[in-house]
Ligand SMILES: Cc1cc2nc3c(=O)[nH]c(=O)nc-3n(C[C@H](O)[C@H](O)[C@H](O)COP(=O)(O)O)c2cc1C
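Shown next as structure tokens: one chain only, the form predicted alone.
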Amino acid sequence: MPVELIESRTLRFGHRHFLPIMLSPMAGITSQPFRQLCLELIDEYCTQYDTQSTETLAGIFVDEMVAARAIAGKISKVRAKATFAHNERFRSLQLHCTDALWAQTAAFQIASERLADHIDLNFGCPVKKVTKNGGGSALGANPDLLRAIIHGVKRGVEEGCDNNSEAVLPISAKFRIGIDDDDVHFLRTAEIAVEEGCELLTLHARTAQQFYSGKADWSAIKLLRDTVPKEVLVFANGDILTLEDAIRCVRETGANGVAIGRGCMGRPWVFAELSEYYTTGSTFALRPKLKEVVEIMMRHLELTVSWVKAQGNSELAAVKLFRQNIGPYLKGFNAKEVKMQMLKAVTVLEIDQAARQLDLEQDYPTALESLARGRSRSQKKVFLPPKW
């Protein structure tokens, strides 16, 4: 049913125009095969949108996080993972940085070698192995280093583009509300990011201590949007699992767009729903039967195997990498025993044979549509470097 569109149909970021949609980067999830699949589904299901012909791009689909030091050190294994599919017309790469010099060097190489068209900076990851070394969400608690890193990236990009303003890659930053309820610093982080040249800010409206538990505080997103200059884009992240969530979040917060992370796990068609909404005003919800879900899942597996083999690795490595997606795809369906078989599979054939045992005519479990996917976990202690 057509409805009144929320305010922003398209956005300008850098020198390109986009639908106000972002695939939020997730380690091990938003690799090239998944992003390629998301764009294929937009082409398949959107009635008035062609990802390859329209001037307005379908959104910003960000690669999983890569370490600046690995890019700067030209580590081939890491660079091989940070690749883009043929249907990605705007290549977004997220950097994990803990040192300003490495950040600048990595940004220079990305820009000069045109490894990507956009750099997103990770200041939000709450995982121990990242924060204990001063990365991810730990950086919000160290404003001097945060500023130095963004400044270094901006300088590296400008130098890599020979100071040609038309070629300079846009920079964005993703961050959390703070470390915990006693250390809330997202407005300070935003101020520094804007002063150092970030054109887009994504706020995951949880603290690092919350991890992925509890409820996202959308009021913080509204405060951020009301505080930073209007020309700076603000994207909302956290508890946006459906098209309805996205519409409600933008209306409540005034955010320019939405960044979807766990909400797209096992549901890559959510970006097709959003694309259809922003191009036609239709709030159609694609609720596929299990047959269609399995077809999408097997296409995801096919793309994963092809991508992993292109890096010189085996089918077994591809299947092991893919298995984390099986649970989200089958969530809510009557598929418990088959799912267990798939999770033990070591070949594509074994997954395919298991899938043939399913009742493929099962309807989509709409009652579970608004439940979080992936690991929610409980609140966790945030590990920071000594004397941080």
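Sequential numbering from 1, following the sequence displayed. In this text the structure is predicted, and so the values were computed from the model without any measurement.
The discussion below concerns the form predicted together with the named molecule, not included here.
Partner contacts here mean any heavy atom within 4.5 Å of the named molecule in the predicted complex, and among 77-85, 104-112, 256-264, 300-308 they occur only in 256-264. For the chain shown alone, Y212 is a contact residue for the named molecule in the predicted complex, at least one non-hydrogen atom being within 4.5 angstroms. With a 4.5 Å cutoff on heavy atoms, V348 does not count as touching the named molecule in the predicted complex; it lies far away. The closest non-hydrogen atom of I240 lies within 4.5 Å of the named molecule in the predicted complex. By the criterion of a heavy atom within 4.5 Å, R225 is excluded from the residues contacting the named molecule in the predicted complex. In terms of contact with the named molecule in the predicted complex, the residue from N122, S92, T207, T98 that brings a heavy atom within 4.5 Å is N122. Comment: the named molecule is not present in this chain, but in the predicted complex one of L360, A70, I29, L321 has a heavy atom within 4.5 Å of it, namely I29. Along 171-186, one residue reaches a heavy atom to within 4.5 Å of the named molecule in the predicted complex: K174.
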